[in-house]
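Only one chain is included here, represented as structure tokens and corresponding to the form predicted on its own.
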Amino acid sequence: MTTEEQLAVPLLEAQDLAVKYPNGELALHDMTFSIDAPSFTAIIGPNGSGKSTLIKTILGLMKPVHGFVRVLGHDSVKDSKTIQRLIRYVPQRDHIELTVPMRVKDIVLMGRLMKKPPPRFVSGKDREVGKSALKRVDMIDLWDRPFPELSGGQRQRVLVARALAGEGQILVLDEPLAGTDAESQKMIVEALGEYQRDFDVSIIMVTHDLNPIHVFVKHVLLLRNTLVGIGTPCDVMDPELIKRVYGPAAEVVEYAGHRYCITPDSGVDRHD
């Protein structure tokens, strides 16, 4: 597919999408939208609103019970292996196994090795790209440090570096800022924004807090088990819309020409 053809195909396209949790409960319903590529897209919504379910469906890990979702024209069910080759994925931090004695460099280089055919050997270029990715999140000095010894924020920065070191047109991140300190949040957000600008890739991020990434985001999907709003951050940060989704305690404030949202919902979405 040529660059021109890629630009003509939506990054994400869903039509009448409905997905159920394994227990049979409806997680998402009546989801219809289209987002052009390339894009920095944020998926937001209250806890249990289906954010992670949408990501898992995009990745082909969950199957729709109705409708479809496509990634760069590829169906999430029929073409799941193709989609997984296109995507570099950063899961929620608490899904990472810490009992394996791996070093930071081993974690980052996994981003290079995962999509190589066997036998998988680390090349000089792999090390160069891995170190460059760690520099973006200010973690290069910890190249040889055991990964489990790092703080939560440091580990998350390494996982983001692993995705940056990999190959694929799309980065998908599930709550990469959750539980991280302010310094790590700043590093992750700036690294992603600069990487998206430098390489013209697409980024899809699930987050419970849009504010830290507001200036980098192009599209926002606001969910509450269906698509409640879609548009730019300032479009979606409509006071009436936000109160309808998050409740009367939610507030929208304006600063320097942008709208920001303050909600009581500050936890990570564990339900989906």
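Residue positions are given as counts along the sequence shown, with the first one as 1. As the structure is a prediction and not an experimental result, all values here were calculated from the model.
Below, we turn to the form predicted together with a small molecule, even though it does not appear here.
The small molecule in the predicted complex is not approached by His219, whose heavy atoms all lie more than 4.5 angstroms from it. Proximity of Glu25 to the small molecule in the predicted complex falls within the 4.5 Å heavy atom cutoff. Contact annotation: Arg70 falls outside 4.5 Å of the small molecule in the predicted complex, judged by heavy atom distances. Among residues of the shown chain, Thr41 is not one whose heavy atoms approach the small molecule to within 4.5 Å in the predicted complex. None of 211 to 219, 52 to 60, 243 to 251, 229 to 237 except one has non-hydrogen atoms within 4.5 angstroms of the small molecule in the predicted complex; the exception is 52 to 60.
The contact residue chosen from Gln92, Gln169, Gln185, Gln84 relative to the small molecule in the predicted complex is Gln92, the criterion being a non-hydrogen atom within 4.5 angstroms.
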